[in-house]
Each structure stands twice: as C-alpha cells, then as structure tokens.
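Take a look at this one chain, the form predicted on its own, written out in structure tokens.
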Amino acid sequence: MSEKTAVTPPTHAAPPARFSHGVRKGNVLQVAGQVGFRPAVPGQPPSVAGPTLREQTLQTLANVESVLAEAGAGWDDVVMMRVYLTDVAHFAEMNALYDAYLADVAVPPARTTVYVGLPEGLLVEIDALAVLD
C-alpha cells in the first residue's frame, strides 16, 4: 500500500491550521483549496495578490499549478476542480480567466462552482483532484 505524503511548494506559507496544501497517496493528488496569496516571504504574513478578482484568480490558479508541479503533476492530470466564489456577479469574469488559463489543456477537468464566504479580502478559492499515471 502506498504512503500518504504532504505536498508543499517552497512558495507556499505554512497553512493557518492543521492541513496540507496537497496530499498524494499512490497516483491520487488532492490539492487543498488555494487562494490568491502571493509567494511566501519568510518572516512576513501572507499577502493577497490584489483586490481584484482578476489578480486573485490568476494567482490562485498559479498556486494550484505550483502544488501540482511540486507533486510531479500538471493540468492534464487534473480530473476535477472546485471553484468557490464570494459573489455571484464574479462568475462570468472568473470563467473567462479560467478558460484562458486552461486553454491548452486537451481535456478540461470536470468543475463545480459554488458561492461561499471566505476570509475578508479573499474573493476566490480553488481546489483540484489529480490522478497521475
């Protein structure tokens, strides 16, 4: 039986609670919900990429991609993504950014989008499930 291992890119700050940014067990990788925090700077608290949905969505997708890469995966390995938005009015803009970011993925992952509350200043959170060959 394969071991469960945590996946934490060097660009990510320690999570604010007891969870991993990613967990790999065998050929399955679960990427925890990522938000639009810029790469970590030692000794400084996490900072949001910017106040706009565009800035946060692009940084969030980059953060998901960073966890995937740290585990040896890529977008083509992702089978499911969940997008959490704080405002229904942001759906069309997020969708356009998402489509452009994943334009080169041959078979796009399945996706669910829901509306939630997030900590103040955060507009979007995205998680992913990947299966590696």
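The structure displayed is predicted, hence computed values, not measured ones. Quick note: we count residues from 1 along the sequence shown, nothing fancier.
What follows is about the form predicted in complex with a further copy of the same chain, which we do not show.
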property	result
V41, heavy atom within 4.5 angstroms of a further copy of the same chain in the predicted complex	no
Partner proximity in the predicted complex: V114 to a further copy of the same chain, non-hydrogen atom cutoff 4.5 Å	yes
In the predicted complex, D76 touching a further copy of the same chain (heavy atom, 4.5 Å)	yes
4.5 Å heavy atom contact, L61 to a further copy of the same chain in the predicted complex	no
a further copy of the same chain in the predicted complex - contacting residues of 35-63, heavy atom within 4.5 Å	none
